[in-house]
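Read the single chain below, which is given as structure tokens and is the form predicted alone.
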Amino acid sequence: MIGVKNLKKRFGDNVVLDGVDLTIQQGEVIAIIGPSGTGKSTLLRCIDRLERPEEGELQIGDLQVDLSRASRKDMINIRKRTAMVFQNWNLFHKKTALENVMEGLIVVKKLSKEQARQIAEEQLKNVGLYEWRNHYPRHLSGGQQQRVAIARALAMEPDLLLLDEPTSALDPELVGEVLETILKVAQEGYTMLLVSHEMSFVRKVATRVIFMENGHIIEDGTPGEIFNHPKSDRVRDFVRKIEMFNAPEYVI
């Protein structure tokens, strides 16, 4: 079980997260939706301790951390249990695809280069990029770079996979290949927390959907409940507006 308790984050006078509580069960794929600027990405970044919240506790199995006071050791332990896929890939430009996937295994998990290589090659096969393993990011398309980033995250065998709008920086024609990879990962049973504006994909991949606004979780339910039978007027209005543009964003 993974739990987030009383997570609070502000930037100056702007309260971004206002006491968020969240429980995630193993194997759940939770999509976080809502208007821009409502704390969705900040929630993921606080969980991974890329941002320091003013308050908040994180539990992943037997690991318990006060996120507001996390030590360097705490952050290393969090990164051993979680993995983040960013909007803009964050690959090392002077390392090959294979070396990018190996990096966390060597630095964080302290594996030997040979062990790291075997795992990295397997994960690149998993995302369909084994033949590109010796290419540098500049030789890869945006979609391929994002799939390398997904392979890098999976190589860490995380208890929780965090995906922060993983297709937002891609050209429209490249979105489908990345979403197909994420769908495959979800079907393999990974526990995932996904921020996305691809609503047709959210309907397809998520087992649970959370609607956030103004730093609060407004509604939490299955995709059918959130999109077809929302309880609050705010979520109903949001769904109505996105349904005005209900053509599928991608084809799988």
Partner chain sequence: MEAKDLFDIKMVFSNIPDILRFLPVTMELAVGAMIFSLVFGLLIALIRMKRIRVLSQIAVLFISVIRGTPILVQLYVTYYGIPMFLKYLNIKNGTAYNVNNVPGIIYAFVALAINESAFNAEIIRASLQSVDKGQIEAAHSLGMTYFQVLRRIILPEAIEVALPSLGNSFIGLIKGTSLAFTCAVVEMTAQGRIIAGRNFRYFEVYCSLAIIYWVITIIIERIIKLLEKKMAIPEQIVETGKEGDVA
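Because the structure is predicted, anything quoted here is derived from the model rather than measured. Numbering follows the first chain given and starts at 1.
The next section is about a form of this same protein that is not shown, the form predicted in complex with the partner chain.
The partner chain is not drawn, but in the predicted complex it has a heavy atom within 4.5 Å of Glu103. Proximity of Asn126 to the partner chain in the predicted complex falls outside the 4.5 Å heavy atom cutoff. The partner chain in the predicted complex comes within 4.5 Å of no heavy atom belonging to Leu111. At the 4.5 Å threshold, heavy atoms of Thr82 reach the partner chain in the predicted complex. Of the listed positions (Glu219, Asp48, Glu213, Glu198), a single one reaches within 4.5 angstroms of the partner chain by any non-hydrogen atom in the predicted complex, namely Asp48. Checked against the partner chain in the predicted complex, the candidates Leu98, Leu140, Leu170, Leu160 yield a single residue with a heavy atom inside 4.5 Å, and that residue is Leu140. Contact annotation: the partner chain lies within 4.5 Å of heavy atoms from the stretch 48-56 in the predicted complex, the single such stretch among 219-227, 32-40, 183-191, 48-56. In sequence order, Arg79, Thr82, Met84, Phe86, Asn90, Leu91, Phe92 are the residues of 77-92 having a heavy atom within 4.5 Å of the partner chain in the predicted complex; the partner itself is omitted from this view.
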